[in-house]
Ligand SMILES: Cc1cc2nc3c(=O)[nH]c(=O)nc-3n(C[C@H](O)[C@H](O)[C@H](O)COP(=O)(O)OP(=O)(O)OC[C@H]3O[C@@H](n4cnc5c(N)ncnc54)[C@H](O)[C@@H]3O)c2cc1C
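Encoded as C-alpha cells, the following chain is the form predicted on its own, with no partner shown.
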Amino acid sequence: MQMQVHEEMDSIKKGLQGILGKNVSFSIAMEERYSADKSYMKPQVPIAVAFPSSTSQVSRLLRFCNRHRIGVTARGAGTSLTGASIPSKGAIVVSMEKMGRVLEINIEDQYVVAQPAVVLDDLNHRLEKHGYFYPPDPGSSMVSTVGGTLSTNAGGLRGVMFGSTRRWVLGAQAVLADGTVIETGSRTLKLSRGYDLTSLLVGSEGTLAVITKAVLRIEPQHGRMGSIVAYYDRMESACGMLRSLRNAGMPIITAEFIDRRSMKYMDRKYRGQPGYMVIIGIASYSASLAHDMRLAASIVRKSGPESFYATTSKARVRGELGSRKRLFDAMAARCRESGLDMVIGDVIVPPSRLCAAVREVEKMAGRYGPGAAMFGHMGEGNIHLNIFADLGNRKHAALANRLLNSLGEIAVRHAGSISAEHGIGLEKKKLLREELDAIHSSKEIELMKGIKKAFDPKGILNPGKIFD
C-alpha cells in the first residue's frame, strides 16, 4: 500500500512538473505556508503548490487534476476569514500570484481588465492617474486581490454607496474543472443574453471555476472627500444621525461604527471615548464639498453626540480610514500576544434593524467570558463581532461557537443573513443550512449542488466549501 502511494505521488509530481516546470513546489515549508488563511480554521497541508503564469497553464493543470481526481484550491492573498482558502486533504493549492497584470485600462468605456493577483490598492493607484477608481474597498485592500475578492463577493468601507463586488464585474475569463476556458459577460455596461454566469462565478469561492481574468467597471473619482468622526453614548443616536444624513441626500461614501472595546486597539487618540465611534465619509465635488460638509456637520450636531469633529484634510481623512482598516490586524496581533485566537463574525441586517440587532449582540456577548468587540459597516447594517478565545481550550471553543451561532440567529431574526461579505467557506456551512431552513428555503442547497455538479462533475474544485 505504501509503495502504491509513493508511485501515485511520483506520477502526480511528474505530471505537474510537465505542465509547470519549476513553478510547482513539493517543499514541506512551502506547503505549510499555503496550508492556512487568515481564519481560525484548522490548516491542511496540500500535496503541492502550483504557480501558473497563464490561462493556458491553468487549463492544462485543471485538465490533469480532473483526470486524476485531485482536489484544487485556487488562492489569492489568503485573506479569507472563513477557511475558504484552506485546501482539502490530498489537494493541491493553485496560487495565482504570478498572474498579476493589469491588461487594459479603457477610460472611454469605463472598465479595466485585470488578472486575478492584481492587488486592489495597486489597481487604484494606477487608476488614480486617470481620475478613476474601482469602488470595492475591503479592509484588506492593501493585500487582497481581484481574484480573491471576486471569489467571496467582497464588500468593504465604500459599500454604503457602491455595494459589493458583484455590481462591478462586467465579465470574466474562467477555467472549468475539465480545463475548458469560458468567457462570460462582456465589456459593455448592459447585457441580457440568458443566465448571468458572471454573477454566478462571483461569490462561488472557487467551487465552480478558476477565474483567470476579470473585466471590472470603474468610476470617475469624486473631486474631494471629507469625514466626520463622532462619539455617542447610545447606538440609537448614531443610527438616527445616519438616517437624517440620508434623508438630506448627503453623498455618503463611508459609514462605519466601532464600539468602545474595539477602540482600545486603535490609535491612542481614539481610546477612552464613550460608547461608539462613528466615521462618516462624504464624497463630493470640489465646488460643493464645503456646503455638504456644513450641512452634514449641522445634522450631526443636532443628533446629540458626546463630541465630534469634521475635516476635509486629505491626510486626516486617509488617516481615519487607515485606522479603521488596520483595526482587524491590530486586534489579531494583540490576541496572538495574549495566546488567544480571534473568531470574526460577519452578519448583516437591514439598516433599519441595526440598532436593535446591536443591542441583542451586546447583551449576548456581555455574558461571554474571554471577551468580544464589535465594529462594522453601519450604512449597510453589517456587523463584525470579534470573539477572543483559546480554541485549544474546549470550554472556550464551545463558548465561541455558541456565540457565533447566536450571532447568526440574531441576524436571521432581524431579516438579515449569516454572511455579508466574508462568504461561507468551511466555517458557515451549518449556519447557511440553518438560515435557509429558518426562511423555508432549504431547496436552495440542492439547487447549488446541482449547479456545482454541472460546472464540476467530479467535485475537484475547492472541495468541502459552502456545503459538503
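Remember, it's a predicted structure, so these values are computed and weren't measured experimentally. Numbers follow the displayed sequence, beginning with 1.
Below, we turn to the form predicted in complex with this ligand, even though it does not appear here.
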item: Residue 421: touches this ligand in the predicted complex, heavy atom cutoff 4.5 angstroms; value: yes
item: Residue contact check: residue 205 to this ligand in the predicted complex, 4.5 Å heavy atom; value: yes
item: Contact test in the predicted complex: residue 148 vs this ligand, heavy atoms, 4.5 Å; value: yes
item: Partner contact for residue 79 in the predicted complex: this ligand, 4.5 angstroms, heavy atom; value: yes
item: Option from 69-77, 218-226, 394-402, 125-133 whose residues, in the predicted complex, bring a heavy atom within 4.5 Å of this ligand; value: 69-77
item: The single option of 387, 114, 211, 238 touching this ligand in the predicted complex, heavy atom within 4.5 Å; value: 211
item: Stretch 432-468: residues contacting this ligand in the predicted complex, 4.5 Å heavy atom cut-off; value: 462
